[in-house]
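Below sits a lone chain in structure tokens, taken as the form predicted alone.
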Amino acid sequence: MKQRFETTLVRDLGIGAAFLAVMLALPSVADKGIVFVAGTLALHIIFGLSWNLMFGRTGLVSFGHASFFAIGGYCYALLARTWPDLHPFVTLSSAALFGALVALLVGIIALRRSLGVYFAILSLALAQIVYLFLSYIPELGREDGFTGIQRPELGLGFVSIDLAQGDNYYYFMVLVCALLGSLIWWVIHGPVGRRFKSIEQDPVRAEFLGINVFANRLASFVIASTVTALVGALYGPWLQLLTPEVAHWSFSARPILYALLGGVQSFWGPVVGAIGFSILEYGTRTMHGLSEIVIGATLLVVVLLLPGGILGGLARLKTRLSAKRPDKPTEEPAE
């Protein structure tokens, strides 16, 4: 197991470092439009990874994950407008902690009484409550949205960086997303992730072996929601605008699509799914009225032909090719 962990660590470190290098080099070679899409993609990748931390590891299906995205985003915007002199790290941390507190309260109530489709419906109801709340509160901009969210100045003691200048906020956002992605990887591949996985496979047996199923499901829900709230907090200054649409059920569908498209059983599944979805969106942006049809049809074909997502299909193909070689043992699908 240790050797497999080290192999996975080295492989994923290499992939992650290469992807991070491409993201950081992008502003030097691409126009502003591509950089904006890439920055948004970085946030959506973490959005998808956090959702899959619940579904892929503990089997929790949330149809309202965007509610925490909106909670984090609006919390940051309100704090930044009310106390503009607060350090950005304090404002971002406060937004994430508020999302964690809401997730803890919701999780304690919801996870004791409901699982499966009932939990999914409860999470959807939460998202719709947040959506309606944001649409009717004048201080939050109602349906027009929260406007004028400024990119802050980041003081590091020995140097101060104005994130409103040039691509500074893009670099800041990508680096924070890299840290969040590393955190999720560590949770998934560490002892906590193994407990989560045992619950996803057989919760009754896990309980029999002494694993507190409720506490671990609650932990996965709170961790995923906290990360999502922080991503939402980063999203506001990036767009300099937040609307209630970020709490809408259609926004909650995005991380689900990313995970299903890329593959829920792999850490890189939501990453591949988010990249594929972004390419589809960008490629069909000029097809007014047809864009949604093309995206929907493509996703339908991929899900029907590749039930385990793109990475699941590649893993099966690799297994079949290996099985045809009599001189080599069959390899297990990549985790």
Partner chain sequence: MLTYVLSPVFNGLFSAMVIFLFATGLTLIFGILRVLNFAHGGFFMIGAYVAFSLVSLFGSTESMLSYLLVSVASGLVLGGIGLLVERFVFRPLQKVDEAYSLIATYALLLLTEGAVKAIWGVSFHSAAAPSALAGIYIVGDLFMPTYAIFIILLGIACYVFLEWVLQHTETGKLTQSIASDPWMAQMLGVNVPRFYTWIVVFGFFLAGIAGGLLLPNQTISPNLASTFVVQAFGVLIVGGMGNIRGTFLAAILLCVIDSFGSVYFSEVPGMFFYIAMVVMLLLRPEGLVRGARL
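The structure presented is a predicted model; accordingly, all values stated were derived computationally and were not measured. Positions refer to the first chain, counted from 1.
Although it is not shown, the form predicted together with the partner chain is what the next lines describe.
At a distance threshold of 4.5 angstroms between non-hydrogen atoms, residue 248 is in contact with the partner chain in the predicted complex. Although the partner is absent here, residue 63 sits close enough that one of its heavy atoms falls within 4.5 Å of the partner chain in the predicted complex. Taking non-hydrogen atoms only, residue 260 approaches the partner chain to within 4.5 angstroms in the predicted complex. Interface membership of residue 38, defined by any non-hydrogen atom within 4.5 Å of the partner chain in the predicted complex, is ruled out. Not one of 15, 21 and 148 places a heavy atom within 4.5 Å of the partner chain in the predicted complex. Of the candidate stretches 301-309, 40-48, 64-72, 24-32, only 301-309 has residues with heavy atoms within 4.5 Å of the partner chain in the predicted complex. Interface residue among 90, 121, 156, 179 relative to the partner chain in the predicted complex, by the heavy atom within 4.5 Å criterion: 121. With the partner removed from view, the residue among 164, 215, 117, 86 that has a non-hydrogen atom within 4.5 Å of the partner chain in the predicted complex turns out to be 117.
Along 290-305, a non-hydrogen atom within 4.5 Å of the partner chain in the predicted complex is carried by 292, 293, 295, 296, 297, 299, 300, 303, 304, in order along the sequence.
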